[in-house]
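Given next, in structure tokens, is a single chain: the form predicted on its own.
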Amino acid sequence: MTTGTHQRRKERIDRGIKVRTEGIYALMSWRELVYLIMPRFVIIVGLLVAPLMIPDMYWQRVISIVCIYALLALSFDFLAHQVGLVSLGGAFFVGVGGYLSAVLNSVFGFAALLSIAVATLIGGIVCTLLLLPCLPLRGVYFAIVTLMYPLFMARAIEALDILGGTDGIMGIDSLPSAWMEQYFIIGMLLLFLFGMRRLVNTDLGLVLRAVKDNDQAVRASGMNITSYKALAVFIASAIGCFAGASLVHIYMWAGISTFALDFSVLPIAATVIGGSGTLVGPVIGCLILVPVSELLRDFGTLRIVFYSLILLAFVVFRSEGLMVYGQRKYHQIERWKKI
């Protein structure tokens, strides 16, 4: 294209960055800096502004629930696509973290925030120890075993009438304020998200991906793959236990429903919609899926049909997920450049 005496051509915005270096950003202008940080900026600001933009108390609570499911989806995506362990134990993590925090708060008198922190750490250890015998399993076998844990725990509590039985544990303290509830969970979601993104790019993340791709080669290198899998399970389960511990302080009640399979199934669906293996994609999937699920609540059990149709549409027409599709389109943005 010619304008006056100048000629211009279209050029991808990221071309200069990729030409100068591969994997390490070498920035030559503020425009390139904006290009790189804009997606992160949109996610961070969007989450932080959402409670201010929604005055309705019900939908503010939905934002907190979105973050709870996003933490579970992040946990699932990390285990499945960075370590190769497909876990259906999201409900198990939520239940263990929820009950631990409820007991610490209602029985031992721990403050809400302290009980959440302690339940996250102890819950991660407990879940890891219980799953330790299952770590040699892979694929569908590991998934089936992890699915059995929440079912077993729920039936054991009901049959033995422990931890409040079917009535659950009541009288749990809420977080200090509604705003504290909102921004504490949002802040922790962002912290876990960017912490996990850094982790997968470290040497430890490289080893975990090697375990997923070829665990025999890692074992032949003299590394104990069981210890690496256990560490990954601890990280994932601690995130899930944090989500469960936060949830019981939101509702001020802990019961068998914390082991509900929704906490295992919905994060997987969100990962499919958002884009598996991206870590950010599952969060975006939850931002779509959880509010849609709430909007369809008036349809009763029929909402499962709409829910299934949405998931089916994404699997058939956008199987890569929104995040991967969005990344590709974003990097294809072009601008006019003088030549």
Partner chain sequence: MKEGPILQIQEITKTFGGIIALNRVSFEVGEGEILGIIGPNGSGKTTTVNCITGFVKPSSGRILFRGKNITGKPPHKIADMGLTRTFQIMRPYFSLPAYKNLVIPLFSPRARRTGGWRGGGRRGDRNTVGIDILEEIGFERDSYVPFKVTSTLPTGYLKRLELARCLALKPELIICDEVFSGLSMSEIASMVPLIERLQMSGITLIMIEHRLRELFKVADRVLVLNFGEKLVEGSAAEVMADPRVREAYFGSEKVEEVMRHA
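Keep in mind that this is a model prediction, so the values were computed, not measured. Numbering follows the first chain given and starts at 1.
The same protein has a further form, the form predicted together with its partner chain, not shown here; the description that follows concerns it.
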| request: Could you tell me which stretch in 157 to 165, 185 to 193, 213 to 221, 248 to 256 has residues with non-hydrogen atoms within 4.5 Å of its partner chain in the predicted complex? | output: 213 to 221
| Given that its partner chain is left out here, which of 178, 132, 206, 148 has a heavy atom within 4.5 Å of it in the predicted complex? | 206
| query | Going by a heavy atom distance of 4.5 Å, is residue 110 a contact of its partner chain in the predicted complex? | reply | no
| With the cut-off set at 4.5 Å between non-hydrogen atoms, does residue 234 touch its partner chain in the predicted complex? | no
